[in-house]
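Form predicted on its own, single chain, as C-alpha cells, below.
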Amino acid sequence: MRACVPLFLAVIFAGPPAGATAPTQGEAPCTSERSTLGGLACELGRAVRAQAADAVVVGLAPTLSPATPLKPGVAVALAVKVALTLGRKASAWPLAEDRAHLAHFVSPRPLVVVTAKLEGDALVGSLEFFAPAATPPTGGNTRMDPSVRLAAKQGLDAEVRRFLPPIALAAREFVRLAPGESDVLALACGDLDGTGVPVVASVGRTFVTFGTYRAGKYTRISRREQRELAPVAPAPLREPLGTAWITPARTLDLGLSDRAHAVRLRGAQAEALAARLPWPGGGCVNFDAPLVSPRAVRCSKDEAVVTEPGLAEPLDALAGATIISRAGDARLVRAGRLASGAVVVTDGAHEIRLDHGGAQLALADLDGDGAPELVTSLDTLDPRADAVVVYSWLGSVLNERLRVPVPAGVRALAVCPAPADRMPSIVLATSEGLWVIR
C-alpha cells in the first residue's frame, strides 16, 4: 500500500552548486509531502530556491507514445507546484511547452524548466535552471545551457494517474510465488531499500522473511529470527495477532501478540517501539485483551501522536493507508474488524461499515481514482470457502469490485506499490505458501 514512497534525488551541476539549499529552520522535510507531484516539487524546488526565488517555471510536455502515455497537463501541474515551492515571487507558465519554444522565454528573470516522465513504475521529475541573461539579448536565446540539472523519482498516485490512461480493477492471474512458513501472521509489501523493487516481508511467529517481487517473480533474500528482535510477551494471546507495514521512511514496522513490543527494522538495525502493534498508515496500538485497543498511540517517544482518524470499539484486525486524491490531497484512512465480524472504515470525517469481513484486511487505492479500496478475506472457519474480496468506498457505500476464491485459506495479505499500467499486486500467505493476485 501505498503510502507515498520517499524520494531519490540526483543532482548534476554544470558548475559549482552555489545556492542549493537545505530546508530552512522549522520547515518540514520533503518526506512529509504525501503526494508524488508535491514531493517531487519540494525536492527540486528547494535545491535551487536561493537563486530561483523569482523564476518563471515552465513545464515541458512529455512526448506521447504507447511507452510514455503521460498527458501534457502533468508538466503544468509539476511547474505550478515547483513555483509554489520557490516562493511568492516565482510564477508558473500556464501551458505545456516544447523545448524549441524555450528561446522565446527571454527575460531578466531566471528560467526553471521542469519535465516529467515515466521510468518503469515511477515518475521522474527533472529540473533545469537557467540564470538570467547577463546582457540584453541581441537575438535568439542567450541561455543555451542550464547551470543546474536535477532529477527526483517517486512512486505513482492518483494525482499522477489522472494524466495516465485509466486502469481496470481486475485480476489477470492468481499464481503461487513461493513455499511459505506455516505460521505467517502478517505481510507487508513496499520499496524497502529505495531501488524501486518491491520487497515482501512475511512476518511469522518464528522468522521474518524478506524477498524481492519483480516481474511477477519472488526471490527470497534474507530472514531474521523473532527471538533476536523482541522478547516473548509476558501474556501472549491464545489466538495470535500481527501487523506489519513498510513506512514512507523505508522501515519495516512489525508487531506480534507473541512479543513484548513492536519492532522497527531499518536495514540491519532493530529498534524497540513503545507499543505492541504498528497500525499501518501511522501510529501504534496496545492490547485491550483479548482484543486490540482502538486508540492509537505514538510508536516511539520521538514521534507525533497519530490518533485520528479513530475507532471506538476493540478490534481483532487492523488496516490503514494514506490515500491521495486526484487533486493531490492526502487523507489517512483506517479500518478495523470488531469482535462481531463487522469491519469499520473511517477517514475521521466519514465512517462506513461492512457487515461481515474476514480477519485479514488491507487498504489501498487499487485503481488510482483517489478513492480507497478495502481488501478483506471472508468471515469463515472453512479455508476452502475463503476468498479475497475488494470493495471500493464510493460515497456512502462499499461496492464489491473483485472476488478471487482462495481455497487454501487467507492467513495474511498485503498490497504492493502501484505499477503504471495495471492494478497493484495483492500478496497472500496461505497454507500452501505465498501467492499473488495480479
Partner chain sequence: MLERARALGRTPLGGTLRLSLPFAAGPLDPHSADDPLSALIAPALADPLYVLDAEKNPHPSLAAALPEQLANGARVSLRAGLVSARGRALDGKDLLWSLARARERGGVAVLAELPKPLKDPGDALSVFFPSADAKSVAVALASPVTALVPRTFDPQAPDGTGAFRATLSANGAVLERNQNAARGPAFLSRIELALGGDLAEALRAFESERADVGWLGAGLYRARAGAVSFEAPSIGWVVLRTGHDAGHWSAPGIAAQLLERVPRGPLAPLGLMSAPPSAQNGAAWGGGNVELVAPATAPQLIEVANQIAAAFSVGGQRVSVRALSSAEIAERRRSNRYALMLDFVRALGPPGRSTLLALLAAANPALAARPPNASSYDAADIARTLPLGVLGTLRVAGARAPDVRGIETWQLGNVYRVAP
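Predicted, not measured: the structure shown is a model, and the values here were computed from it. Numbering follows the first chain given and starts at 1.
Another form exists, predicted in complex with the partner chain; not displayed. Remarks below refer to it.
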Since the chain is shown here on its own, which stretch among 348-356, 153-161, 275-283, 289-297 would lie within 4.5 Å of the partner chain in the model of the complex, judged by heavy atoms? 289-297
In this chain shown alone, the residue from P132, P240, G310, G87 with a heavy atom within 4.5 Å of the partner chain in the model of the complex is P240
Could you work out which of A170, A233, L95, V305 is the residue within 4.5 angstroms of the partner chain in the model of the complex, going by heavy atoms? A233
Using a 4.5 angstroms cut-off on non-hydrogen atoms, would A244 count as touching the partner chain in the model of the complex? no
Contact test in the model of the complex: R224 vs the partner chain, heavy atoms, 4.5 Å: no
Within a 4.5 Å heavy atom cut-off, is E43 in contact with the partner chain in the model of the complex? no
Contact between T380 and the partner chain in the model of the complex at 4.5 Å, heavy atoms? yes
With the partner chain taken in the model of the complex, which residues across 257-274 come within 4.5 angstroms through any non-hydrogen atom? D258
